[in-house]
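As structure tokens, one chain now follows by itself in the form predicted alone.
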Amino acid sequence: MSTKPAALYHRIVVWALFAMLLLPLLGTFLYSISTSWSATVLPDGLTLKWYIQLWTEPRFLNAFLQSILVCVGALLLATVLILPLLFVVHYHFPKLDGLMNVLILLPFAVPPVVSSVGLLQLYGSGPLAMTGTPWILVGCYFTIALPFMYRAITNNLLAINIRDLMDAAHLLGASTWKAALLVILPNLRKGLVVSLLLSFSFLFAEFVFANLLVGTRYETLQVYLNNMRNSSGHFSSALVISYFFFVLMFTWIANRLNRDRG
């Protein structure tokens, strides 16, 4: 019986913290659907005008599409490179996993502002001039997504016991690469999808590299949000809520897939 008051207290604390975190978002949402809201506790009226204006503006739609294209391009590059690398490391050179865990975290050791300055110097001119183009963002986002994907897929590989599966496939006459494609890869499907969705949510919110390396020459959603900060508060609130909803949707899908996998 003594555990019931404690459990109730814990629930109250959790829900109170949840309400504190949700309250600013709720206020932003109400402001985004209000006609005006100044001297009253609640908005004077409700409208979807700001969302209609946002989702019919070509500049916003273009920035939204460009953000998706850059993120998808970086994740495709990461998938093509990281899957064969992980297979080779875990199947042929498992002792290298410790070294890879250190190397894979190096992108987080250097602040994005410092990395951006170095990249501007390196790719600002010359034969590899890519500053202001989406290609430099794809490369930067690839390094950001790499640690997330490496850890998620590594955990998946450890869970399925890759060596036993490969030995069984070899006994049945499959070659190494045929076994990797037809046996190992299907077992990594959910882990790969979860890592891609979580990485996409993180990359979609990236601002420093996008602002410093390309700016308005290839305007992503975060750069657009920064450029529109001095516009109507209702319009900016609708933009923030739309962005938050999109990221929340991808995060929720990733969490559901991760739960199903467990």
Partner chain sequence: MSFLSIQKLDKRYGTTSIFTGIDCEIARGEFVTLLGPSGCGKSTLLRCIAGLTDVSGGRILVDGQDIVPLPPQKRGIGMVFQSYALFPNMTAAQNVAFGLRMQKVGKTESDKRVVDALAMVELGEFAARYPSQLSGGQCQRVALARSLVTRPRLLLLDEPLSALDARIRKLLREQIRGIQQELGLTTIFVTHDQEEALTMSDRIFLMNAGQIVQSGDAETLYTAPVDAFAAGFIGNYNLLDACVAEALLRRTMTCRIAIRPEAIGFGGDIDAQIKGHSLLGNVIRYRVEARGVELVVDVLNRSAADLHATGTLVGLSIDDSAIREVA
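As the structure is a computational prediction, the values presented were derived from the model and not from experiment. Numbering follows the first chain given and starts at 1.
This next part talks about the form predicted together with the partner chain, which is not shown.
Across the options 69-77, 145-153, 127-135, 158-166, residues that bring heavy atoms within 4.5 Å of the partner chain in the model of the complex belong to 158-166. A residue is said to contact a partner when one of its heavy atoms sits within 4.5 Å of a partner heavy atom; residue 175 meets this definition for the partner chain in the model of the complex. A residue is said to contact a partner when one of its heavy atoms sits within 4.5 Å of a partner heavy atom; residue 186 meets this definition for the partner chain in the model of the complex. Residue contact check for residue 182: one or more of its heavy atoms lie within 4.5 Å of the partner chain in the model of the complex.
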